[in-house]
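Read the single chain below, which is given as structure tokens and is the form predicted on its own.
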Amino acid sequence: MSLASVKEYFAPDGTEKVLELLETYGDGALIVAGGSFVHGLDARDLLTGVEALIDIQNLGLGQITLEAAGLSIGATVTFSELRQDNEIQTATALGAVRDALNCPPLQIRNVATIGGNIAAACPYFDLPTALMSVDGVVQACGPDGTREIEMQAFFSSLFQNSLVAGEFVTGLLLPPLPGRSSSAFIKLETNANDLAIVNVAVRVSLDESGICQQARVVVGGGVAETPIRATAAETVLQGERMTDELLQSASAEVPSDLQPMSDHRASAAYRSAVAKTLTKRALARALARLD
């Protein structure tokens, strides 16, 4: 077990101390919050060389606040806490996030944190796909100060993010979306505890006449090394009135942006076919929320 290499556990109460520890231990440090993903990584021998665990639960990053810049979510906010937030519960534009938060079992929702789920850069996770559809922005802190990273740019490859040495995730910002916006998320899984075989999140923003002014179609769950935007489908939707025929046409374009994996749970061809079906269903769900 690779966790046998861990020699130190720290629970600092300030950002500066975290940065000092990251500088000291370098690649041998692992930031943890809820820790729900650590066992899975360890079981797959993906934690080799980790010498120090740095627990960020004492940094005061557990707040959710609605600001002019959007909904600000601290890195240590749990799935359950975010799921209970009034804005998440009621905002049509954030329907995809609400859907994704309903997927994990209660035991995971009570422990898993938003920051950890994002930083893991696991292409089979649900929440990152949903967050990309609503233009989520990752907030990070490092030796050179703080910065914001668009969600799409944050995921660089399989289990890899775009944080530089010494940086860690401190939170997430969900910016305001146009007034008539709605989103939805759907996944295919083998059981309630399973990672996604395919997941899809969509968001449409319509003008007063029902014409699509902005569209997002994001697909995850093994269709690439990261969740990706199906831009061909978005282009079909842009500037058009939402009809069943249009949704069908947009969904048919989704596979052109995918590079699906084949594994023991699904073939690449199956993932492509499912992605089309889930996209149409998610678009229909999002539009129904505007009625």
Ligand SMILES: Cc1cc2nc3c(=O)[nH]c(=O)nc-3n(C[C@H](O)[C@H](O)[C@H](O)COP(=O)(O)OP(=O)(O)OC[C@H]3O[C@@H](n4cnc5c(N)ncnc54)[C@H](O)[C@@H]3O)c2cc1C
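From 1 onward, residues are counted along the sequence shown. Computed from a prediction, not measured in an experiment: that's the story for all the values here.
This next part talks about the form predicted together with the ligand, which is not shown.
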item	value
Interface residue in the predicted complex among 41, 69, 252, 261, criterion: non-hydrogen atom within 4.5 angstroms of the ligand	41
Contact residue in the predicted complex, from 163, 197, 93, 206 (heavy atom within 4.5 Å of the ligand)	163
Which of 101 to 109, 208 to 216, 85 to 93, 174 to 182 sits within 4.5 Å of the ligand in the predicted complex, heavy atom basis	101 to 109
Residue 26, heavy atom within 4.5 angstroms of the ligand in the predicted complex	no
Residue 33, heavy atom within 4.5 angstroms of the ligand in the predicted complex	yes
The ligand contact at residue 151 in the predicted complex, heavy atom, 4.5 Å	no
Residue 188 within 4.5 Å of the ligand in the predicted complex, heavy atoms	no
Those residues of 141 to 174 which, in the predicted complex, come within 4.5 Å of the ligand by heavy atom	163, 168, 169
